[in-house]
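Considered here are two forms of the same protein chain, supplied as C-alpha coordinates in two stand-alone entries, structure 1 and structure 2.
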Structure 1
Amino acid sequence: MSTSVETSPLQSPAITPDAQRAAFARRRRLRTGLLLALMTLIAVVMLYPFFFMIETSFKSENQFVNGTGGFSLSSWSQLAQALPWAREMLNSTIVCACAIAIILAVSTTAGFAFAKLRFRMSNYILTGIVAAMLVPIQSIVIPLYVNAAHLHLVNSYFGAVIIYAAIGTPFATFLMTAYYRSLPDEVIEAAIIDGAHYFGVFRRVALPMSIPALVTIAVLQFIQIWDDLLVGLLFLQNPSERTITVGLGALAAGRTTNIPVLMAGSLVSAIPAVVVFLIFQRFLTTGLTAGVSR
(Lines of atoms letter the chains of each structure in order from A and count residues from 1; the text may use other names and numbers.)
(Lines give C-alpha, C1' and ligand atoms only; values in the text may rest on other atoms or scores of the structure.)
Protein backbone atom coordinates (compact mmCIF):
# COMPACT_ATOMS: atom_id res chain seq x y z
CA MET A 1 0.00 0.00 0.00
CA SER A 2 2.64 2.46 0.98
CA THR A 3 4.70 1.87 -2.14
CA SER A 4 1.92 2.71 -4.56
CA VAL A 5 0.98 5.82 -2.66
CA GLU A 6 4.54 7.04 -2.48
CA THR A 7 5.59 6.38 -6.05
CA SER A 8 2.48 7.16 -8.01
CA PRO A 9 2.45 10.95 -7.70
CA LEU A 10 5.85 11.01 -9.39
CA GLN A 11 4.73 8.90 -12.29
CA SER A 12 1.34 10.38 -12.98
CA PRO A 13 0.32 13.76 -11.75
CA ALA A 14 -3.26 12.66 -12.37
CA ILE A 15 -3.41 10.91 -8.99
CA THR A 16 -4.49 13.67 -6.66
CA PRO A 17 -4.68 13.44 -2.89
CA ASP A 18 -8.42 12.97 -3.39
CA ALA A 19 -7.84 9.88 -5.46
CA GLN A 20 -5.46 8.57 -2.86
CA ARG A 21 -8.06 9.06 -0.23
CA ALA A 22 -10.61 7.26 -2.35
CA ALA A 23 -8.25 4.31 -2.81
CA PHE A 24 -7.65 4.19 0.88
CA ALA A 25 -11.38 4.27 1.60
CA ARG A 26 -11.96 1.48 -0.89
CA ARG A 27 -9.36 -0.67 0.79
CA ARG A 28 -10.95 0.04 4.13
CA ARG A 29 -14.35 -0.95 2.88
CA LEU A 30 -12.96 -4.18 1.50
CA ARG A 31 -11.36 -4.99 4.81
CA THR A 32 -14.56 -4.19 6.70
CA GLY A 33 -16.49 -6.38 4.30
CA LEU A 34 -14.14 -9.30 4.84
CA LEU A 35 -14.28 -8.95 8.59
CA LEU A 36 -18.06 -8.79 8.47
CA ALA A 37 -18.22 -11.91 6.34
CA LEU A 38 -16.01 -13.79 8.77
CA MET A 39 -18.01 -12.60 11.74
CA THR A 40 -21.24 -13.59 10.06
CA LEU A 41 -19.89 -17.05 9.41
CA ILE A 42 -19.03 -17.45 13.10
CA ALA A 43 -22.46 -16.11 14.00
CA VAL A 44 -24.08 -18.80 11.88
CA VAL A 45 -22.06 -21.47 13.68
CA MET A 46 -22.99 -20.05 17.08
CA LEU A 47 -26.65 -19.68 16.22
CA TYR A 48 -26.90 -23.07 14.58
CA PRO A 49 -28.67 -24.77 17.53
CA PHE A 50 -31.35 -22.10 17.45
CA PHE A 51 -31.88 -22.54 13.72
CA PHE A 52 -31.99 -26.27 14.14
CA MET A 53 -34.42 -26.21 17.06
CA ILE A 54 -36.77 -23.77 15.38
CA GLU A 55 -36.69 -25.51 12.05
CA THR A 56 -37.12 -28.99 13.46
CA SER A 57 -39.83 -28.07 15.91
CA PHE A 58 -42.01 -26.93 13.04
CA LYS A 59 -41.85 -30.29 11.31
CA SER A 60 -43.89 -33.35 11.94
CA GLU A 61 -42.07 -36.49 12.97
CA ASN A 62 -42.43 -37.95 9.49
CA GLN A 63 -41.21 -34.83 7.78
CA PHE A 64 -38.12 -34.87 9.98
CA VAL A 65 -37.32 -38.55 9.62
CA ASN A 66 -37.76 -38.53 5.86
CA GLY A 67 -35.85 -35.30 5.51
CA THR A 68 -38.61 -33.75 3.49
CA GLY A 69 -39.49 -30.11 3.86
CA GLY A 70 -42.80 -28.90 5.10
CA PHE A 71 -44.35 -27.08 7.97
CA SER A 72 -46.32 -28.63 10.77
CA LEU A 73 -47.49 -27.62 14.20
CA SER A 74 -47.97 -31.17 15.34
CA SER A 75 -44.93 -31.19 17.61
CA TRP A 76 -46.16 -28.09 19.36
CA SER A 77 -49.56 -29.60 19.92
CA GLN A 78 -47.99 -32.73 21.38
CA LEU A 79 -45.48 -30.88 23.50
CA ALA A 80 -47.55 -30.37 26.63
CA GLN A 81 -48.33 -34.04 26.74
CA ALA A 82 -44.75 -35.20 26.37
CA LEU A 83 -43.31 -32.53 28.60
CA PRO A 84 -45.44 -30.77 31.22
CA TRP A 85 -43.46 -27.67 30.52
CA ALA A 86 -45.67 -25.15 32.25
CA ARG A 87 -45.50 -27.03 35.52
CA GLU A 88 -41.81 -27.71 35.13
CA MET A 89 -40.98 -24.12 34.30
CA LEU A 90 -42.86 -23.10 37.41
CA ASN A 91 -40.76 -25.58 39.38
CA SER A 92 -37.60 -24.18 37.82
CA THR A 93 -38.70 -20.69 38.72
CA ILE A 94 -39.45 -21.62 42.32
CA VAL A 95 -36.16 -23.40 42.79
CA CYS A 96 -34.17 -20.62 41.12
CA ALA A 97 -35.89 -17.88 43.08
CA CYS A 98 -35.44 -19.55 46.46
CA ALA A 99 -31.84 -20.55 45.84
CA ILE A 100 -30.93 -17.10 44.55
CA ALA A 101 -32.60 -15.47 47.53
CA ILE A 102 -30.53 -17.59 49.90
CA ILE A 103 -27.34 -16.99 47.95
CA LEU A 104 -27.87 -13.24 47.97
CA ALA A 105 -28.71 -13.19 51.66
CA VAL A 106 -25.69 -15.14 52.81
CA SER A 107 -23.16 -13.80 50.33
CA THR A 108 -23.93 -10.13 50.90
CA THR A 109 -23.76 -10.41 54.68
CA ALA A 110 -20.62 -12.52 54.56
CA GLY A 111 -19.03 -10.39 51.83
CA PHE A 112 -19.59 -7.23 53.86
CA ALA A 113 -18.17 -8.84 56.97
CA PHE A 114 -15.09 -10.14 55.17
CA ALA A 115 -14.48 -6.83 53.45
CA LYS A 116 -15.22 -4.32 56.18
CA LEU A 117 -15.60 -6.04 59.54
CA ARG A 118 -12.39 -7.98 59.52
CA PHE A 119 -11.74 -9.89 62.69
CA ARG A 120 -9.26 -12.48 63.85
CA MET A 121 -9.16 -15.42 61.42
CA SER A 122 -11.64 -13.79 59.04
CA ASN A 123 -9.19 -14.02 56.17
CA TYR A 124 -8.69 -17.73 56.70
CA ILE A 125 -12.42 -18.31 56.77
CA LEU A 126 -12.79 -16.33 53.56
CA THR A 127 -10.06 -18.41 51.94
CA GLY A 128 -11.84 -21.55 53.06
CA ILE A 129 -15.16 -20.46 51.61
CA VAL A 130 -13.62 -19.33 48.34
CA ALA A 131 -11.61 -22.55 48.09
CA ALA A 132 -14.91 -24.43 48.21
CA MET A 133 -15.38 -23.18 44.64
CA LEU A 134 -12.99 -25.96 43.68
CA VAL A 135 -15.19 -28.69 45.13
CA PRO A 136 -16.86 -30.33 42.14
CA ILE A 137 -20.45 -31.26 42.79
CA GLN A 138 -19.72 -34.76 41.49
CA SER A 139 -17.27 -35.27 44.35
CA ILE A 140 -19.86 -34.73 47.03
CA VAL A 141 -23.04 -35.73 45.35
CA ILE A 142 -23.03 -39.23 46.79
CA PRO A 143 -22.78 -38.30 50.48
CA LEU A 144 -25.17 -35.43 49.81
CA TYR A 145 -27.68 -37.78 48.32
CA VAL A 146 -27.46 -40.21 51.20
CA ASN A 147 -27.65 -37.41 53.76
CA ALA A 148 -30.64 -35.91 52.01
CA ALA A 149 -32.33 -39.30 51.92
CA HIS A 150 -31.84 -39.60 55.70
CA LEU A 151 -33.36 -36.19 56.19
CA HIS A 152 -36.19 -36.94 53.75
CA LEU A 153 -35.06 -34.10 51.57
CA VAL A 154 -34.92 -36.03 48.33
CA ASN A 155 -37.77 -35.02 46.10
CA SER A 156 -38.51 -31.81 47.90
CA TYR A 157 -37.76 -28.35 46.64
CA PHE A 158 -36.03 -27.65 49.89
CA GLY A 159 -33.21 -30.13 49.41
CA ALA A 160 -32.43 -28.99 45.89
CA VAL A 161 -32.68 -25.33 46.87
CA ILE A 162 -30.20 -25.74 49.71
CA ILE A 163 -27.75 -27.57 47.50
CA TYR A 164 -27.97 -25.03 44.70
CA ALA A 165 -27.59 -22.27 47.25
CA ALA A 166 -24.50 -23.86 48.74
CA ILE A 167 -22.92 -24.43 45.34
CA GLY A 168 -23.48 -20.80 44.38
CA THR A 169 -22.38 -19.29 47.68
CA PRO A 170 -18.57 -19.47 47.40
CA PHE A 171 -18.36 -17.54 44.15
CA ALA A 172 -21.04 -15.09 45.21
CA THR A 173 -19.22 -14.46 48.49
CA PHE A 174 -15.99 -13.93 46.61
CA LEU A 175 -17.69 -11.43 44.31
CA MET A 176 -19.43 -9.55 47.11
CA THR A 177 -16.26 -9.37 49.19
CA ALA A 178 -14.39 -7.87 46.25
CA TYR A 179 -17.26 -5.46 45.67
CA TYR A 180 -17.51 -4.31 49.26
CA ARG A 181 -13.76 -3.93 49.49
CA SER A 182 -14.01 -1.30 46.81
CA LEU A 183 -16.48 0.77 48.86
CA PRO A 184 -14.69 3.66 50.56
CA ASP A 185 -14.25 3.21 54.31
CA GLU A 186 -15.28 6.81 54.77
CA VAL A 187 -18.88 6.10 53.84
CA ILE A 188 -19.04 3.36 56.41
CA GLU A 189 -17.38 5.45 59.07
CA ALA A 190 -19.73 8.31 58.28
CA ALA A 191 -22.67 6.03 58.95
CA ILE A 192 -21.10 4.80 62.18
CA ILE A 193 -20.63 8.39 63.32
CA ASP A 194 -24.20 9.11 62.28
CA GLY A 195 -25.18 6.52 64.85
CA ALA A 196 -25.69 3.30 62.91
CA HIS A 197 -24.46 -0.01 64.23
CA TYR A 198 -22.52 -2.20 61.84
CA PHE A 199 -25.45 -4.27 60.74
CA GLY A 200 -27.35 -1.05 60.13
CA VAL A 201 -24.48 0.21 58.00
CA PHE A 202 -24.74 -2.95 55.97
CA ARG A 203 -28.49 -2.82 55.57
CA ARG A 204 -28.97 0.89 55.02
CA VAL A 205 -25.77 1.90 53.26
CA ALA A 206 -23.68 -0.95 51.85
CA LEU A 207 -26.50 -3.12 50.58
CA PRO A 208 -28.28 -0.39 48.63
CA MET A 209 -24.94 0.59 47.12
CA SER A 210 -24.31 -2.91 45.85
CA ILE A 211 -27.37 -3.45 43.68
CA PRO A 212 -25.34 -3.95 40.48
CA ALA A 213 -23.34 -6.72 42.12
CA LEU A 214 -26.55 -8.33 43.36
CA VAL A 215 -27.96 -8.32 39.85
CA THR A 216 -24.77 -9.88 38.53
CA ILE A 217 -24.97 -12.70 41.03
CA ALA A 218 -28.67 -13.25 40.49
CA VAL A 219 -28.30 -13.46 36.71
CA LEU A 220 -25.28 -15.74 36.86
CA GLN A 221 -26.96 -18.06 39.31
CA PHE A 222 -30.26 -18.01 37.47
CA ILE A 223 -28.67 -19.27 34.30
CA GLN A 224 -26.61 -21.81 36.17
CA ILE A 225 -29.46 -23.27 38.19
CA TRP A 226 -31.98 -23.12 35.37
CA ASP A 227 -29.62 -25.06 33.15
CA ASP A 228 -28.44 -27.60 35.71
CA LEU A 229 -29.22 -31.25 35.27
CA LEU A 230 -27.30 -33.32 37.81
CA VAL A 231 -28.66 -31.95 41.07
CA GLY A 232 -32.18 -31.85 39.73
CA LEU A 233 -31.89 -35.34 38.34
CA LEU A 234 -31.03 -36.73 41.77
CA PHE A 235 -32.90 -34.50 44.14
CA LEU A 236 -36.04 -33.68 42.17
CA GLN A 237 -37.02 -36.98 40.67
CA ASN A 238 -40.78 -36.62 40.96
CA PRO A 239 -42.36 -35.32 37.77
CA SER A 240 -44.40 -32.93 39.88
CA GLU A 241 -41.31 -31.23 41.30
CA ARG A 242 -38.69 -31.54 38.65
CA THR A 243 -37.33 -28.59 36.78
CA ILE A 244 -37.65 -28.05 33.07
CA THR A 245 -34.04 -29.05 32.40
CA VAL A 246 -34.51 -32.29 34.31
CA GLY A 247 -37.77 -32.92 32.47
CA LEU A 248 -36.02 -32.41 29.18
CA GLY A 249 -33.11 -34.59 30.20
CA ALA A 250 -35.47 -37.35 31.24
CA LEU A 251 -37.33 -37.05 27.99
CA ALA A 252 -34.10 -37.25 26.02
CA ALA A 253 -32.79 -40.16 28.06
CA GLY A 254 -36.10 -41.94 27.52
CA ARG A 255 -34.87 -42.14 23.96
CA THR A 256 -37.94 -40.49 22.67
CA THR A 257 -37.83 -40.79 18.97
CA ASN A 258 -40.06 -37.83 18.32
CA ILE A 259 -37.32 -35.35 17.76
CA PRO A 260 -39.47 -32.39 16.68
CA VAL A 261 -41.24 -32.58 20.04
CA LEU A 262 -37.91 -32.70 21.84
CA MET A 263 -36.74 -29.66 19.93
CA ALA A 264 -39.91 -27.76 20.73
CA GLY A 265 -39.33 -28.59 24.37
CA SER A 266 -35.70 -27.53 24.19
CA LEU A 267 -36.70 -24.26 22.64
CA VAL A 268 -39.25 -23.56 25.33
CA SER A 269 -36.82 -24.44 28.08
CA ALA A 270 -34.12 -22.22 26.65
CA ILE A 271 -36.26 -19.12 26.26
CA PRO A 272 -36.25 -17.82 29.86
CA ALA A 273 -32.50 -18.09 30.28
CA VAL A 274 -31.88 -16.51 26.88
CA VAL A 275 -34.24 -13.65 27.66
CA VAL A 276 -32.58 -13.05 31.00
CA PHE A 277 -29.26 -13.19 29.23
CA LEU A 278 -30.27 -10.64 26.62
CA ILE A 279 -31.59 -8.21 29.21
CA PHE A 280 -28.76 -8.52 31.70
CA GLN A 281 -25.83 -9.28 29.43
CA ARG A 282 -23.79 -6.42 30.84
CA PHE A 283 -24.01 -7.77 34.38
CA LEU A 284 -23.08 -11.24 33.25
CA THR A 285 -19.92 -9.94 31.67
CA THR A 286 -18.76 -8.27 34.87
CA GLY A 287 -19.51 -11.42 36.84
CA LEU A 288 -17.60 -13.67 34.50
CA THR A 289 -14.48 -11.59 34.51
CA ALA A 290 -14.58 -10.75 38.20
CA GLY A 291 -11.97 -13.42 38.75
CA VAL A 292 -9.33 -11.74 36.64
CA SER A 293 -9.85 -8.01 36.65
CA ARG A 294 -7.86 -6.51 39.42
Structure 2
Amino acid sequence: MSTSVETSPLQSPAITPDAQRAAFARRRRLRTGLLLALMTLIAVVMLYPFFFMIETSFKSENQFVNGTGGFSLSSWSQLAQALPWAREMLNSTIVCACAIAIILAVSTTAGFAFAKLRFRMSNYILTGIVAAMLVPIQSIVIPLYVNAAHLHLVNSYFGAVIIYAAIGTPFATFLMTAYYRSLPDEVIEAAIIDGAHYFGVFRRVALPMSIPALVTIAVLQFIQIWDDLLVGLLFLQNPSERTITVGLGALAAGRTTNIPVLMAGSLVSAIPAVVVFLIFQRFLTTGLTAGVSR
Protein backbone atom coordinates (compact mmCIF):
# COMPACT_ATOMS: atom_id res chain seq x y z
CA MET A 1 0.00 0.00 0.00
CA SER A 2 1.52 3.32 -1.09
CA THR A 3 0.97 6.63 0.60
CA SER A 4 1.26 10.01 -1.09
CA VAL A 5 2.21 13.27 0.59
CA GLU A 6 0.12 16.19 -0.52
CA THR A 7 1.76 19.62 -0.76
CA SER A 8 -0.20 22.55 0.60
CA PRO A 9 -0.90 25.20 -2.02
CA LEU A 10 0.49 27.86 0.40
CA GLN A 11 3.79 26.04 0.82
CA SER A 12 6.48 27.22 -1.64
CA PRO A 13 9.12 24.84 -2.91
CA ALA A 14 12.50 25.03 -1.20
CA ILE A 15 15.12 27.28 -2.85
CA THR A 16 18.33 25.43 -3.54
CA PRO A 17 21.73 26.93 -2.64
CA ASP A 18 22.65 27.14 -6.33
CA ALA A 19 19.55 29.22 -7.02
CA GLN A 20 20.39 31.52 -4.09
CA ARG A 21 23.93 32.03 -5.37
CA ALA A 22 22.64 32.74 -8.88
CA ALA A 23 20.14 35.30 -7.56
CA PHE A 24 22.84 36.96 -5.46
CA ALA A 25 25.17 37.09 -8.46
CA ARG A 26 22.45 38.71 -10.58
CA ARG A 27 21.75 41.34 -7.91
CA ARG A 28 25.48 42.04 -7.57
CA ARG A 29 25.89 42.44 -11.33
CA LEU A 30 22.88 44.77 -11.40
CA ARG A 31 24.28 46.93 -8.60
CA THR A 32 27.70 46.99 -10.25
CA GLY A 33 26.17 47.99 -13.59
CA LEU A 34 24.11 50.79 -12.02
CA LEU A 35 27.12 52.07 -10.09
CA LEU A 36 29.28 51.99 -13.22
CA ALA A 37 26.64 53.88 -15.20
CA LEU A 38 26.33 56.50 -12.46
CA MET A 39 30.10 56.97 -12.20
CA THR A 40 30.38 57.20 -15.99
CA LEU A 41 27.72 59.91 -16.04
CA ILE A 42 29.50 61.85 -13.28
CA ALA A 43 32.84 61.48 -15.10
CA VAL A 44 31.33 62.81 -18.34
CA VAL A 45 29.81 65.81 -16.53
CA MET A 46 33.08 66.56 -14.71
CA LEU A 47 35.40 66.05 -17.68
CA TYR A 48 33.36 67.80 -20.36
CA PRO A 49 34.60 71.31 -19.36
CA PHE A 50 38.19 70.12 -19.81
CA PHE A 51 37.30 68.65 -23.19
CA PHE A 52 35.66 71.93 -24.23
CA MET A 53 38.65 73.88 -22.94
CA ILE A 54 41.18 71.77 -24.83
CA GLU A 55 39.15 71.67 -28.05
CA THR A 56 38.45 75.41 -28.06
CA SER A 57 42.07 76.34 -27.30
CA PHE A 58 43.14 74.69 -30.56
CA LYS A 59 40.82 76.80 -32.69
CA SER A 60 41.15 80.26 -34.15
CA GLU A 61 38.66 82.98 -33.25
CA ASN A 62 36.99 82.72 -36.66
CA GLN A 63 36.66 78.95 -36.36
CA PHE A 64 35.07 79.29 -32.91
CA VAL A 65 32.68 82.10 -33.87
CA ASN A 66 31.59 80.53 -37.16
CA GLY A 67 31.47 77.00 -35.75
CA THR A 68 33.66 75.57 -38.50
CA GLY A 69 35.82 72.51 -38.03
CA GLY A 70 39.57 72.25 -38.00
CA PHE A 71 42.34 73.09 -35.57
CA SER A 72 44.67 76.04 -35.28
CA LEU A 73 47.56 77.12 -33.03
CA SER A 74 46.85 80.82 -33.44
CA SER A 75 45.33 81.12 -29.97
CA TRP A 76 48.48 79.71 -28.39
CA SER A 77 50.68 82.08 -30.37
CA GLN A 78 48.54 85.04 -29.21
CA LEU A 79 48.46 83.93 -25.56
CA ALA A 80 51.84 85.42 -24.60
CA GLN A 81 50.84 88.83 -26.05
CA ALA A 82 47.39 88.85 -24.46
CA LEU A 83 48.41 87.42 -21.08
CA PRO A 84 51.83 87.41 -19.35
CA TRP A 85 51.07 83.92 -18.10
CA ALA A 86 54.64 82.98 -17.14
CA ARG A 87 55.01 85.94 -14.80
CA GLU A 88 51.53 85.48 -13.36
CA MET A 89 52.10 81.77 -12.72
CA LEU A 90 55.32 82.70 -10.91
CA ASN A 91 53.33 85.16 -8.79
CA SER A 92 50.79 82.44 -8.01
CA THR A 93 53.57 80.06 -7.04
CA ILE A 94 55.15 82.62 -4.69
CA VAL A 95 51.85 83.42 -3.00
CA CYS A 96 50.90 79.73 -2.66
CA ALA A 97 54.28 78.68 -1.27
CA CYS A 98 54.47 81.45 1.33
CA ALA A 99 50.85 81.06 2.46
CA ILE A 100 51.13 77.26 2.74
CA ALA A 101 54.35 77.59 4.75
CA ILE A 102 52.60 79.86 7.26
CA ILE A 103 49.53 77.61 7.41
CA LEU A 104 51.63 74.50 8.08
CA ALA A 105 53.76 76.24 10.73
CA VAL A 106 50.74 77.55 12.64
CA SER A 107 48.45 74.54 12.26
CA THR A 108 51.02 71.92 13.28
CA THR A 109 52.09 73.71 16.46
CA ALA A 110 48.52 74.69 17.39
CA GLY A 111 47.18 71.22 16.59
CA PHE A 112 49.81 69.56 18.78
CA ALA A 113 49.07 71.96 21.63
CA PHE A 114 45.30 71.39 21.44
CA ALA A 115 45.71 67.61 21.16
CA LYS A 116 48.46 66.79 23.66
CA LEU A 117 48.82 69.75 26.03
CA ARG A 118 46.36 70.62 28.75
CA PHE A 119 45.66 74.28 29.37
CA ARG A 120 42.68 76.33 30.46
CA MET A 121 39.86 76.91 27.95
CA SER A 122 41.61 74.92 25.23
CA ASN A 123 38.33 73.35 24.11
CA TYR A 124 36.64 76.74 23.85
CA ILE A 125 39.50 78.18 21.84
CA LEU A 126 39.43 75.19 19.48
CA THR A 127 35.66 75.59 19.13
CA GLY A 128 36.17 79.23 18.18
CA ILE A 129 38.75 78.24 15.56
CA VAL A 130 36.40 75.63 14.10
CA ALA A 131 33.57 78.19 14.10
CA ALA A 132 35.76 80.47 11.98
CA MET A 133 35.52 77.86 9.23
CA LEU A 134 31.79 78.58 8.97
CA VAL A 135 32.25 82.29 8.17
CA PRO A 136 32.19 82.86 4.39
CA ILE A 137 34.91 85.12 3.07
CA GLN A 138 32.32 87.12 1.10
CA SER A 139 30.70 88.33 4.32
CA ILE A 140 33.91 89.83 5.73
CA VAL A 141 35.68 90.92 2.56
CA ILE A 142 34.73 94.62 2.91
CA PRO A 143 36.05 95.15 6.48
CA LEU A 144 38.99 92.94 5.59
CA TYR A 145 39.88 95.16 2.65
CA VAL A 146 39.44 98.35 4.71
CA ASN A 147 41.72 97.09 7.49
CA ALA A 148 44.31 95.86 4.99
CA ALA A 149 44.26 99.25 3.24
CA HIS A 150 44.87 101.02 6.56
CA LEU A 151 47.85 98.72 7.17
CA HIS A 152 49.16 99.28 3.61
CA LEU A 153 48.77 95.60 2.73
CA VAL A 154 46.93 96.12 -0.54
CA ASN A 155 48.79 95.46 -3.81
CA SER A 156 51.55 93.47 -2.16
CA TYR A 157 52.51 89.83 -1.88
CA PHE A 158 52.62 90.09 1.90
CA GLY A 159 49.00 91.22 2.21
CA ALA A 160 47.68 88.44 -0.03
CA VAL A 161 49.79 85.84 1.76
CA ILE A 162 48.53 86.92 5.18
CA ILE A 163 44.90 86.84 4.01
CA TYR A 164 45.25 83.39 2.46
CA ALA A 165 47.01 82.09 5.57
CA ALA A 166 44.27 83.46 7.83
CA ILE A 167 41.59 81.82 5.67
CA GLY A 168 43.27 78.42 5.51
CA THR A 169 44.57 78.11 9.08
CA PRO A 170 41.28 77.18 10.86
CA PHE A 171 40.65 74.08 8.75
CA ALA A 172 44.31 73.06 8.88
CA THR A 173 44.38 73.45 12.67
CA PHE A 174 41.24 71.34 13.05
CA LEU A 175 42.71 68.62 10.84
CA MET A 176 46.05 68.57 12.64
CA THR A 177 44.32 68.48 16.04
CA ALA A 178 42.31 65.44 14.99
CA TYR A 179 45.44 63.79 13.63
CA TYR A 180 47.58 64.40 16.72
CA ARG A 181 44.80 63.14 18.97
CA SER A 182 45.04 59.83 17.15
CA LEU A 183 48.70 59.48 18.12
CA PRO A 184 49.16 57.24 21.20
CA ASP A 185 49.86 59.15 24.40
CA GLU A 186 52.35 56.43 25.36
CA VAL A 187 54.69 57.56 22.57
CA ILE A 188 54.65 61.15 23.86
CA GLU A 189 55.12 60.03 27.48
CA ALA A 190 58.01 57.72 26.54
CA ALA A 191 59.81 60.57 24.79
CA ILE A 192 59.30 62.84 27.81
CA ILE A 193 60.62 60.14 30.17
CA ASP A 194 63.71 59.88 27.96
CA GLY A 195 64.41 63.54 28.65
CA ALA A 196 62.84 65.30 25.67
CA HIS A 197 60.90 68.51 26.22
CA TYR A 198 57.59 69.19 24.51
CA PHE A 199 59.13 71.03 21.57
CA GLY A 200 61.57 68.18 21.09
CA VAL A 201 58.72 65.66 21.18
CA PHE A 202 56.85 67.72 18.61
CA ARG A 203 59.85 68.13 16.30
CA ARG A 204 61.31 64.63 16.56
CA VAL A 205 58.26 62.43 17.17
CA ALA A 206 54.94 64.05 16.28
CA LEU A 207 55.98 66.02 13.21
CA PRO A 208 57.59 63.10 11.31
CA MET A 209 54.53 60.94 12.04
CA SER A 210 52.17 63.55 10.59
CA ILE A 211 53.56 63.62 7.04
CA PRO A 212 50.28 62.36 5.46
CA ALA A 213 48.29 65.12 7.16
CA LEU A 214 50.86 67.74 6.17
CA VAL A 215 50.73 66.66 2.53
CA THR A 216 46.93 66.69 2.63
CA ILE A 217 46.84 70.24 3.95
CA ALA A 218 49.46 71.40 1.46
CA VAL A 219 47.59 69.91 -1.52
CA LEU A 220 44.16 71.20 -0.49
CA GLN A 221 45.45 74.68 0.29
CA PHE A 222 47.45 74.80 -2.94
CA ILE A 223 44.37 74.01 -5.01
CA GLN A 224 42.23 76.51 -3.11
CA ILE A 225 44.75 79.37 -3.24
CA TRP A 226 45.80 78.70 -6.83
CA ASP A 227 42.19 78.78 -8.08
CA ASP A 228 41.04 81.70 -5.92
CA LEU A 229 39.97 84.89 -7.66
CA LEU A 230 38.32 87.08 -5.01
CA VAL A 231 41.29 87.70 -2.71
CA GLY A 232 43.74 88.04 -5.59
CA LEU A 233 41.44 90.46 -7.40
CA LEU A 234 41.17 92.71 -4.34
CA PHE A 235 44.68 92.55 -2.90
CA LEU A 236 46.84 92.03 -6.02
CA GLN A 237 45.62 94.70 -8.43
CA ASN A 238 49.11 95.63 -9.62
CA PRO A 239 49.60 94.04 -13.08
CA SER A 240 53.16 93.03 -12.19
CA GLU A 241 52.04 91.14 -9.06
CA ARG A 242 48.68 89.65 -9.98
CA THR A 243 48.16 85.91 -10.06
CA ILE A 244 47.17 83.80 -13.05
CA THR A 245 43.48 83.70 -12.08
CA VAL A 246 43.37 87.48 -11.76
CA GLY A 247 45.05 87.76 -15.16
CA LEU A 248 42.43 85.48 -16.69
CA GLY A 249 39.69 87.54 -15.05
CA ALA A 250 41.15 90.72 -16.52
CA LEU A 251 41.43 89.04 -19.92
CA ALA A 252 37.76 88.01 -19.80
CA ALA A 253 36.61 91.46 -18.64
CA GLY A 254 37.55 93.22 -21.86
CA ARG A 255 35.03 94.63 -24.30
CA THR A 256 35.83 91.85 -26.76
CA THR A 257 37.08 88.54 -25.49
CA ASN A 258 38.97 86.07 -27.64
CA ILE A 259 37.46 82.85 -26.30
CA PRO A 260 40.13 80.47 -27.75
CA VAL A 261 42.90 82.57 -26.19
CA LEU A 262 41.00 82.61 -22.90
CA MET A 263 40.60 78.83 -23.02
CA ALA A 264 44.30 78.41 -23.73
CA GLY A 265 45.14 80.53 -20.70
CA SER A 266 42.62 78.64 -18.57
CA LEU A 267 44.20 75.35 -19.61
CA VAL A 268 47.65 76.60 -18.65
CA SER A 269 46.27 77.75 -15.31
CA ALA A 270 44.53 74.43 -14.60
CA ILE A 271 47.54 72.20 -15.33
CA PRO A 272 49.50 72.82 -12.05
CA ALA A 273 46.50 72.10 -9.81
CA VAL A 274 45.62 68.94 -11.75
CA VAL A 275 49.23 67.70 -11.67
CA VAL A 276 49.57 68.31 -7.92
CA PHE A 277 46.31 66.48 -7.24
CA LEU A 278 47.25 63.49 -9.41
CA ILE A 279 50.68 63.16 -7.78
CA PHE A 280 49.52 63.42 -4.17
CA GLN A 281 46.00 61.98 -4.38
CA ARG A 282 46.98 58.84 -2.48
CA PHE A 283 47.93 61.00 0.53
CA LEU A 284 44.57 62.77 0.61
CA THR A 285 42.48 59.84 1.81
CA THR A 286 45.13 58.82 4.32
CA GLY A 287 45.47 62.31 5.71
CA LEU A 288 41.76 63.06 5.90
CA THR A 289 40.79 59.75 7.54
CA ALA A 290 43.84 59.21 9.79
CA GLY A 291 42.22 60.88 12.77
CA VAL A 292 39.22 58.55 12.48
CA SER A 293 40.85 55.26 11.52
CA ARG A 294 43.63 55.19 14.09
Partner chain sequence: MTTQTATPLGKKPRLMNKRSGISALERERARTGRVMILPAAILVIAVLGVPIGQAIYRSMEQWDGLTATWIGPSAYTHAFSDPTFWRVMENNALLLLAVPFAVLIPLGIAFLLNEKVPGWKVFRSIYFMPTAISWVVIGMVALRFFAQAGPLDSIFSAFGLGFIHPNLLSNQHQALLAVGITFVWSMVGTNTIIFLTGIATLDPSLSEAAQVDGTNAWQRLIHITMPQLRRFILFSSTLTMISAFTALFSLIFVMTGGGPGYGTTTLEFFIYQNAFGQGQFGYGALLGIVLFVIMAVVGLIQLRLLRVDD
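In this text, the rigid core denotes the largest set of C-alpha atoms whose superposition between the two forms falls within 1.5 Å. Predicted, not measured: the structure shown is a model, and the values here were computed from it. Each residue is numbered by where it sits in the sequence of structure 1, with counting from 1.
- Remark: the form predicted on its own is the source of structure 2; structure 1 originates elsewhere.
- Scanning 47, 70, 142, 21 for the location where one rigid part gives way to the other between structures 1 and 2 picks out 47 as the hinge.
- Comparing the two forms between structures 1 and 2, the rotation angle of the smaller rigid part against the larger comes to 28°.
- The two forms, fitted on their core, place the C-alpha of residue 40 3.8 Å apart, compared between structures 1 and 2.
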